[in-house]
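In structure tokens, the next block holds one chain alone, the form predicted alone.
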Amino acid sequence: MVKRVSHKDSMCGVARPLDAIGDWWSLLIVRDAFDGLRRFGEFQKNLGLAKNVLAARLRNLVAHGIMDTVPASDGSPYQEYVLTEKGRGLFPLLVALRQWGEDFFFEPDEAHVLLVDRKSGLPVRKLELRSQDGRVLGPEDTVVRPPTSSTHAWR
């Protein structure tokens, strides 16, 4: 197996987190944690993932502070996996990925799960990127600025 390149020293805010969440299984584990799954067996059953792969992904998420292990809530000798504050910070990313997927990977009349507001039952509004003054921004409205006096790769 080819060893992945680490981006831990990158100055890019897109590249650096990929060491923690840069494979699809990790994001699906986090998605399932948001849906209330906590036990190894629950993740394994829901994802159909080989136990060794799941164990490696969970270890990586714990090592990066995205999930933590806690004693089982039912008092059994097992441990459970819970999202940390850092892990809960992935919620907007997952919502953006979900909305992008709904827009571009489903036919207009094709059924798919829907993210709704628990209180109202209404679908969640589309995420928007806004400027400091409230304008909606698109890619043409932004630029990545390199840090001053640096020789590191920033993109």
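As the structure is a computational prediction, the values presented were derived from the model and not from experiment. For every residue, the number given is its place in the sequence shown, counted from 1.
The same protein also has a form predicted in complex with another copy of the chain, omitted here; what follows describes it.
Quick one: does Leu54 come within 4.5 Å of another copy of the chain in the model of the complex, counting heavy atoms only? So Leu54 does not count as contacting another copy of the chain.
Report yes if any heavy atom of Val70 sits within 4.5 Å of a heavy atom of another copy of the chain in the model of the complex; otherwise report no. No, no contact at 4.5 Å.
Might Val62 be said to contact another copy of the chain in the model of the complex, defining contact as any heavy atom within 4.5 Å? It does not: once another copy of the chain is placed as it appears in the model of the complex, Val62 has no heavy atom within 4.5 Å of it.
Give a yes or no for Gly41: in the model of the complex, does one of its heavy atoms lie within 4.5 Å of a heavy atom belonging to another copy of the chain? Residue-level check for Gly41: no, no contact with another copy of the chain.
Go through 78-98 residue by residue and record those having a heavy atom within 4.5 Å of another copy of the chain in the model of the complex; state none if no residue qualifies. Contacts from 78-98: Glu85, Lys86, Gly89, Leu90, Phe91, Pro92, Leu93, Leu94, Val95, Ala96, Leu97, Arg98.
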